[in-house]
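Below you'll find only one chain, the form predicted on its own, shown as structure tokens.
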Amino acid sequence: MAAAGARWNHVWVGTETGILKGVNLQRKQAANFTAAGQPRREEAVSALCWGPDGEKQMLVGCADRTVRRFSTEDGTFQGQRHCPGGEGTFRGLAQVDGTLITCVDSGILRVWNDNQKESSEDPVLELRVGPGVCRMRQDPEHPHMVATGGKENALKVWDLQGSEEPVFRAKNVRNDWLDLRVPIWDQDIQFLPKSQKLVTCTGYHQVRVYDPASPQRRPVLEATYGEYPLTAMTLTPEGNSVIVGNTHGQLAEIDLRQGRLVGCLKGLAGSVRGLQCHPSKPLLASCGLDRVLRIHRIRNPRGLEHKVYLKSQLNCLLLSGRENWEDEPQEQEPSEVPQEDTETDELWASLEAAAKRKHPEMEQTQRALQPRSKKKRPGSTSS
């Protein structure tokens, strides 16, 4: 049943236990999908992206360095590819023109031929982007361009069709007021639409905007939020602001034109691991270590729209971009009693039967205490 309705799921979430979860917000249901039956932590899902067929296929990056293909039409896994090289988990996953792009913690970015018939163990291209990578992000408008950044690894932009040197290398900000070097820790990256600008969020609660077209390589705008490390970031549908999340579950919207705080969203209780806005609707999906998927409305009225507890720690998510979420056909499904209700009914039935066997005299006492209607004698009159 879960496989048949997989195409209508609104959010896909990758967990620390290696389970891919599909959530249907209209039905308020969540389904589990695993490639090999039992979930394993060695196969923790660390990255998700859509396949070459759009939302009909999903690429799932796991901790054991395999990229699995999942069909949202059939609700099944349809093959996998092992992507060795480097150390650590996937920090980014993308595809372009029949090739697969992966990047791991140790800074090895590789491009693989994703053709199943011609797949080989050797990558088409390998780049060393520097150690300590926290994020690799693909430019949606120019899919052959990617950006990388991490801890003591400044922002770089790479052209996968060009040379092995970055086309843009960010420069660290100037020393602080004590003339001490400011540490680098880029946690997430986004490309701003219809421009060459990029925005990053750091582990030192900063949001920075870079413009490769300008003469300077330092940030052209910087804003700070809170006191805790920022762990995830997403662009709003308008593209003029970003929403960031930190290690204490706080969410905030930052205007990139003025560098000011627009507003905050409440409800999270743990470190934020994944954020994504709907491309056209004012909706935000968030997940993290508190094991809850939340959907917030980010425009007035702001607030929590949906909340789904998913039992496992959540690493990443992928939000469906289709316009009409309510256009799900009413499929005729056989009426089934939920398993939990069936178990509850059987439990109460067994308790009642046990009580009758243990105290048979209770029924006799209850019958004796019931009031009996008096029969009138013929010819008698009420006084």
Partner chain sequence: MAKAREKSGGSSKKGLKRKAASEEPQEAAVAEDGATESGVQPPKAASFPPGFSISEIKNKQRRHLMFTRWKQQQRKEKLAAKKKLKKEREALGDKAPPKPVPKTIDNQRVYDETVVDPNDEEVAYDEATDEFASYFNRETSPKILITTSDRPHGRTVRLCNQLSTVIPNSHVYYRRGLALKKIIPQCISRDFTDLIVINEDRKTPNGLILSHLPNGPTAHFKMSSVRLRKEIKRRGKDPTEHIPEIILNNFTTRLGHSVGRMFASLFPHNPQFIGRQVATFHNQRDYIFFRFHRYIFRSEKKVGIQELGPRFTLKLRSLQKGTFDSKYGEYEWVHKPREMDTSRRKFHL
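These figures come from a predicted structure and were not determined experimentally. Residue numbers count along the first chain shown, from 1.
The same protein also exists as the form predicted together with the partner chain; that form is not shown, yet it is the one meant from here on.
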Taking 4.5 angstroms as the cut-off for heavy atoms, does Ile19 touch the partner chain in the predicted bound form?
-> yes
Lys156, heavy atom within 4.5 angstroms of the partner chain in the predicted bound form | no
Would you please decide whether Phe168 lies within 4.5 angstroms of the partner chain in the predicted bound form, comparing each non-hydrogen atom pair?
-> no
Any non-hydrogen atom of Arg40 within 4.5 angstroms of the partner chain in the predicted bound form = yes
Only one of 207-215, 236-244, 270-278, 136-144 sits within 4.5 Å of the partner chain in the predicted bound form by heavy atom distance, namely 270-278
With the partner omitted here, the residue among Gln250, Thr224, Gln80, Ser106 that in the predicted bound form has a heavy atom within 4.5 Å of the partner chain is Gln250
Contact residue in the predicted bound form, chosen from Gly259, Gly132, Gly88, Gly203 - any heavy atom within 4.5 Å of the partner chain | Gly203
Who in 288-314 is close to the partner chain in the predicted bound form, meaning a heavy atom within 4.5 Å?
-> Leu289, Asp290, Arg291, Lys307, Tyr309, Lys311, Ser312, Gln313
